[in-house]
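Listed next as structure tokens is one chain, alone, in the form predicted on its own.
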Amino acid sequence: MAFISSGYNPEKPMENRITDIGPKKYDQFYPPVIAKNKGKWLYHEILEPGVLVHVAEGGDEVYTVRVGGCRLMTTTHIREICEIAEKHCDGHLRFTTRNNIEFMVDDKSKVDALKKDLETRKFPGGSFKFPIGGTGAGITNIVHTQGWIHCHTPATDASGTVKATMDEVFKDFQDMRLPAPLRISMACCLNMCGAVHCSDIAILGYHRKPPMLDHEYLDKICEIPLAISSCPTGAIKPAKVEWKGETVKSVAVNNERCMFCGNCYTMCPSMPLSDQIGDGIVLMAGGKVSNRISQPKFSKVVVAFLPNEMPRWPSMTKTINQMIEAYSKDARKYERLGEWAERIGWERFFDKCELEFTHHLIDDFRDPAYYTWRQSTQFKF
């Protein structure tokens, strides 16, 4: 009866049905030249760092100017992006998966004016608002997580570490001198919403101490079964604790099984994990998503721990620079960082990058799926 009274007709289920609830369908926002040639693109070229051209089968061209964008933006910055798009691109722009902004024009004669406009826009401190680059065999924008600005489990900051790193490697954002693309990603804790497990170089915030327990309030503000079930290693169990002369319901943590992920704190604010001394940064290297030349690879830990050195993280940026310079000098053309490391051997990788090696960095994990999955273009016969 409910369906009938609401007007639903089982004989004609699509009659008067609203199916487009939420954002409009993406193809309504294509630039006309892209809508016209969808599925008919013949090839594309990188004309210079940050500038691309796509050519369609019928001869139509789209010129793209890519600029670095920031993960967190003010409304005034967004309005300025829209102003540029209205002025040069008939109101069209797009964001890449790495937070770059791409302005597209349908005529080569419009590119120079767009570039000059972007290059003149600077912040009061003198840095570029819209630096052009991030294409080809260089470094593109760093994808990153929330960090101290807007997350409850970070072991380091995201925006701060990324800004410090990009300032150091900015020349390679605007150049294509490297053997192949080099992707840097950043996640501020082991939950890794920055997907750093498959990046050429990865910055990872890392906790080194188990959660603290606020027995006084734990049972008052947490659901104990939820806190227990949140632990991926089963390190938490219920416990009764003597607190200020009375027995309270709480939990106990097996420190040997804790992997410092912070899931428990997500479920229970009375189990905080952050610690000024214990928190810091792990650097990983050698991962990639691409199928080209070799299979996709997971990143490997190459620096076990660096302290948080706010606000510029000099030890972290120095180490990242060492890896980039060694890779740029020694790798073959088209060789990604992980492929270079595997060709010369990881022992020599540590030597060339001037990294300290310890037995803790030995990676001997082999899941059964490692031998059985065939989700790649790199087949074995």
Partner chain sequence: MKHETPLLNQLESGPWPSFVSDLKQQAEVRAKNEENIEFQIPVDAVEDLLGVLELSYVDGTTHWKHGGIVGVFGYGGGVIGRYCDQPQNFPGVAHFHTMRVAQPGGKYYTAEYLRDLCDLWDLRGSGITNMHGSTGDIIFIGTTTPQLEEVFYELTHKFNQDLGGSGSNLRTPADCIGSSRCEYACYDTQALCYDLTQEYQDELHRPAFPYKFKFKFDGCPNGCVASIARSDLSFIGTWKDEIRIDQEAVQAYIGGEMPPNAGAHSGRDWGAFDIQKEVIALCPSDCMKYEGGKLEINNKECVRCMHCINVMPRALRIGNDRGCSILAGAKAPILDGAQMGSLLIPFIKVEEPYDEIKEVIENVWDWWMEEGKNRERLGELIKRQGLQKLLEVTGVTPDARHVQEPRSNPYIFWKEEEVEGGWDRDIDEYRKHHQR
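Positions refer to the first chain, counted from 1. All values reported here derive from a predicted model rather than from experimental measurement.
If you look for the form predicted in complex with the partner chain, you will not find it shown, but the lines that follow are about it.
Annotated contacts: F305, R343 and R348 are all free of the partner chain in the model of the complex [non-hydrogen atom within 4.5 angstroms]. A heavy atom within 4.5 Å of the partner chain in the model of the complex is found for one listed residue only; from H215, K110, R71, K209, this is R71.
Taking a 4.5 Å heavy atom cutoff to the partner chain in the model of the complex, the contact residue among C198, V301, I224, V248 is C198. With a 4.5 Å cutoff on heavy atoms, L355 does not count as touching the partner chain in the model of the complex; it lies far away. The partner chain in the model of the complex is not approached by E242, whose heavy atoms all lie more than 4.5 angstroms from it.
Using a 4.5 angstroms limit between non-hydrogen atoms, K318 is distant from the partner chain in the model of the complex.
Contact annotation: H360 falls outside 4.5 Å of the partner chain in the model of the complex, judged by heavy atom distances. In the model of the complex, the partner chain lies within 4.5 angstroms of at least one heavy atom of each of the following residues of 121 to 142: F123, G125, G126, S127, F128, K129, P131, G136, A137, N141, in sequence order.
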